[in-house]
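First, one chain by itself in structure tokens, the form predicted alone.
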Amino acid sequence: MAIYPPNKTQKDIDEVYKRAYERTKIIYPKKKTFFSPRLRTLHQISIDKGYLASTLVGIGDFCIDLVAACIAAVKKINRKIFPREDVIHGTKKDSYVTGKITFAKKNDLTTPIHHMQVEFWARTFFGGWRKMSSGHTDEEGVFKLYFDFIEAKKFKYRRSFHFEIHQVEHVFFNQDSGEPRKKVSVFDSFKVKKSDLTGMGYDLGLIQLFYWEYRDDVPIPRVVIKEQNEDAPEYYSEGRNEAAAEQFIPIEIIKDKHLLQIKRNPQSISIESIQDDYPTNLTVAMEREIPGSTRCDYWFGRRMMNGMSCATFLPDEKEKGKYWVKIFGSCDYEVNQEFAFPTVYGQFKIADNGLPLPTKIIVKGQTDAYNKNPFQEKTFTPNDGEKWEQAKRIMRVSSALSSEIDDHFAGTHLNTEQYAIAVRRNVRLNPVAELLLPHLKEVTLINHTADTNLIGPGYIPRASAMTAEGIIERSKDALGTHDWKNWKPMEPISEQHTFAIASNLFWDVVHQFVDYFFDENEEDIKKYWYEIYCMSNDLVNNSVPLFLSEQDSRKWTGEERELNQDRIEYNHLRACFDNTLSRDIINGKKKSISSITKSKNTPAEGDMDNLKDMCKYAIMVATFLHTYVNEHQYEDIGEVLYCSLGLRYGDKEDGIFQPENDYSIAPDLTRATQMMWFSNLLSRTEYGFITRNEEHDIHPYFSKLLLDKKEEFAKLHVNVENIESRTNI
């Protein structure tokens, strides 16, 4: 294949791309009917279990939904009959309920939970609620709620009172004024006998809460979730669950049908029929109109620059005008012996049209089942004919797997979760909670789902070289190159580098929004600085070590040293990571995340700017950076033979250097349908967008700033209405 398919030009490919893009845009299906299968939560989906199987299941699910709806209706009626009015009953404050709240986890027992909202309620014999007192814990986790003793002893109140601990569940904004409203919910409650209220005060003692705990079983900052539907620190909104059901049930049904076919009659199904059953993706649509349009050098360079992988172009030190893209494969991570994951270096030149053209591809590492030398190399150029085409496919696949783990899962999902945990554990009264919580919510839930469906026993370890243990270790290393300090978006290398240009444009919008928010709330941000101090400590203390800092470089061989130095240089550049900064060392480990502040009660010089930069970074990662890679997955890994997440070694001497029609190196039938399920899941079940603002949880000024740039983004092939407000898929 030449730069373009035979007798075709760049204009031909650009035009077919526009037509294919319009034809394959995701359109959400109609609302479910009585007989439609149900999906109650996103966590319910499974990669290999047929859940949505029959009309009978649909009827059963409808009955379950009906019962749940009845229970919810009863609760709603109960709330209307017995409302909780925010009025304190009693006039004197001559008695109190006191105690101290800390975390309950073993290594957290001495850590107080500061500024937690606490309330003391009574109930009348007729069911009415009466608030006796409310307040917050102090910096040491101590609370002292004063109430009217005589009022509490009145006959109309029942024998037990209720002490409640509340948490902020959601933040909403008035869409005209921008005024925030926090929705709180009861996290835990304790009954206090009326007969115990006898003296000046009643001491509830030490209350220990399992509240937004850090996991101990992984080397990555993750939150503890024992059972997502019953014992999670947060839950999906109703709208998010409904959107997942409406958007994804058709895909789930296709996958279930394929798995049944493979089990009962595998001769009745093929990779081609699997591909045809799923919605047509971008590359399939283009190939149907112009064969070879997505396999040519022009398209290869264009997608490397602006597709799912959105590669970083490192200037070639020896050849001016040339750049290197480096995809690091299995390296020293745990892998299986079925799939290849070589390291691939691609050299590109920037053509007159501003897009990169591949000039050389170097494949390093094991590519067949026989020669296992991890440092063997094979070099290819456009003059190598069919082998050049195969080398491009290998680079596409290695790049897709690397992007999926390093950029998508670690770089956005896990990266966002570590900020979500630190904010949830510490920030309540500080306005920064109102700024960040809408963008950090639900990420812990989707990451928990990924543990089983995509990592653990899920899809990626089955359909690629990486084992679950290898993914965890690789994710830890990837996080070791991410930090908010001195971060800035990728620099564009040409006018056609639309990903980088759009990133910088969105970064400008985030700057304006966060600066505006801080100007409006500066006094209260400083007033509750203690929360920022604690958040900063949690972020740093629980962050992963600096990339490769735990390895003893003195033990590296010459080949290992060269590879690891390349990894450090390139990954720091890719993550825009400032390796010149001094880093905190905790328990002998050099931490990757920078401290926001060392000042406990008031910000020191530069601390407010640090906090601004951290907030900007967290929002950028949770919104634009996640949206971009997530949205492009359906385009770039939505065709099995074009780009899966792994190529099998097969049994031929040339290993993975085979044409596309050699199915011995392609995913098998089961993994082929799971591949399509996977790519559709990640791109089709979106909900929660900045400008659409379905739940009124986005500050209106942020939406306005983004809409004002709508045309500028459109020129860069970015629809601002599709930019997600949080990472929940």
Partner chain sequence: MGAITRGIKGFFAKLYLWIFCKFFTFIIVITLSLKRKRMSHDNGIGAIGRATIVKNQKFPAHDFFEPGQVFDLRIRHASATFLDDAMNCIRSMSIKFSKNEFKSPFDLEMNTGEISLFWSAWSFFKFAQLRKEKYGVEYIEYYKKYPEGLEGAKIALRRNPNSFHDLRYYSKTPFKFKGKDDIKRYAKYRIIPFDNIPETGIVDNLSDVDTGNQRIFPNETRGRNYLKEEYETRVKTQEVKYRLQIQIRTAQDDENPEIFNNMVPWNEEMFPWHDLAVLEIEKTLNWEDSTRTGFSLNNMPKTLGYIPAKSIYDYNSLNYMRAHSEWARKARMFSYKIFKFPRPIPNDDDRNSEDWKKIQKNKVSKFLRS
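Numbering follows the first chain given and starts at 1. Remember, it's a predicted structure, so these values are computed and weren't measured experimentally.
Keep in mind that the form predicted in complex with the partner chain is not shown, yet the notes after this line are about it.
- Although the partner is absent here, residue 197 is a contact residue: one of its heavy atoms lies within 4.5 angstroms of the partner chain in the predicted bound form.
- Interface membership of residue 279, defined by any non-hydrogen atom within 4.5 Å of the partner chain in the predicted bound form, is ruled out.
- None of the heavy atoms of residue 409 is located within 4.5 Å of the partner chain in the predicted bound form.
- Under a 4.5 angstroms non-hydrogen atom cutoff, the partner chain in the predicted bound form lacks residue 526 among its neighbouring residues.
- Note on contacts: among 103, 530, 187, 96, the single residue with a heavy atom within 4.5 Å of the partner chain in the predicted bound form is 96.
- Taking a 4.5 Å heavy atom cutoff to the partner chain in the predicted bound form, the contact residue among 202, 484, 507, 642 is 202.
- Checking 428 to 436, 142 to 150, 161 to 169, 325 to 333 against the partner chain in the predicted bound form, the stretch whose residues place heavy atoms within 4.5 Å of it is 142 to 150.
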